[in-house]
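A lone chain, given as structure tokens: the form predicted on its own.
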């Protein structure tokens, strides 16, 4: 297998004012499962296509293993690309689809069939080898596309939103299969998705992108617990993080976040900034970090209750109009119109600069 190194790569498409990818540097170790995550148009698929050789960067360097691959055609990069739409040949059987890359290499029909059967067993397709794609389910077709990639024994596997055409149950099943497959092959996987659940489930490391720029690189836990800016904080998490903008004010030995909609004690968080009442700060907290308490500092009138079985979220508004969402005990008995009080523990608070969006600090107990 092989590591991947992207050094200051940029790409701007003709007739586009802004770069699709801008000065991206990313180092992917051998055998790591890396997910490129971001909304549509953030540059993640362009990055993947540049690794594959389907697009060439305007500047910067791409290395796979120790080989600089700028200008090297896709077929010589030793990568396997799995597309969103499967890209199977409808007139070929499953075995023929899986073995097609080997046919292009000139292997014998017997060797191709043997390798296709071996790959089919790995993916649970052994009973389907003589069927055609039109006779398969979506999940089976995706496994055939994976098989066609595996049979090549490439240095790098590249996945461009391969699960987005599957229903929810199949997506969950395929996520498990992909993790097992990557561990079995000990291969380098680069996986593109806009789905944060896929990213958090699959990745060893997540690269969050927005407007062609890498925003944060880290483990799923780091991305979730320590987002570096407002974009990452708001993009990761469902429901999304709550945000309250205001000024930090020091008064009577306490620090308060004061906004037009509420005044919230934040204890000893950011004491240096509290002395500057002109500093605009955004407080963020995740729904599950708030707690319902009889003496909570924030009063919330419920407008919507989202019961998801193992989880329950309440959506409400303060008397001043601030909208908030809070995770509660799924067995709790609450109704629309109820008024509750909530407390935000200091260790659940995130602070961001209101002007730049960058992370300022997190309370240290």
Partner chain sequence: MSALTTKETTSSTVSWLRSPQVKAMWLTLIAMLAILVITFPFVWILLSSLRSVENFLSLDLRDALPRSLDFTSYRLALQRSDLFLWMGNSLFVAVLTTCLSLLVSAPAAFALTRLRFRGKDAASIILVLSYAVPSIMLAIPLLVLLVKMRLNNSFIGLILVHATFTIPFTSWILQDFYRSIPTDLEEAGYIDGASLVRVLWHIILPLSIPGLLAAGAYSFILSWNEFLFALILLNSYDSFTAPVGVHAYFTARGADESMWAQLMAASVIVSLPSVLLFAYFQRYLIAGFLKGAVKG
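Positions refer to the first chain, counted from 1. Computed from a prediction, not measured in an experiment: that's the story for all the values here. Definition used throughout: the rigid core is the maximal C-alpha set that superposes within 1.5 Å between two forms.
There is also a form predicted in complex with its partner chain; it is not shown, and the following applies to it.
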(message) Partner absent here, but in the predicted complex, which of 145 to 153, 120 to 128, 214 to 222, 236 to 244 has residues with a heavy atom within 4.5 Å of its partner chain?
(response) 145 to 153
(request) Give a yes or no for residue 287: in the predicted complex, does one of its heavy atoms lie within 4.5 Å of a heavy atom belonging to its partner chain? (result) no
(message) Using a 4.5 angstroms cut-off on non-hydrogen atoms, would residue 85 count as touching its partner chain in the predicted complex?
(response) yes
(request) Mark residue 184 yes when one of its heavy atoms lies within 4.5 Å of a heavy atom of its partner chain in the predicted complex, and no otherwise. (result) no
(message) I'd like to know whether residue 302 contacts its partner chain in the predicted complex, with contact meaning heavy atoms within 4.5 angstroms.
(response) no
(message) Can you work out which of 328, 324, 52, 28 has a heavy atom no more than 4.5 Å from its partner chain in the predicted complex?
(response) 52
(request) Heavy atoms within 4.5 Å of its partner chain in the predicted complex is the criterion; list the residues of 73 to 93 that meet it. (result) 74, 75, 79, 80, 81, 83, 85, 87, 88, 89, 90, 91, 92
(message) Aligning on the core only, does the CA of residue 83 end up 2 angstroms or more away between this form and the one not shown?
(response) no
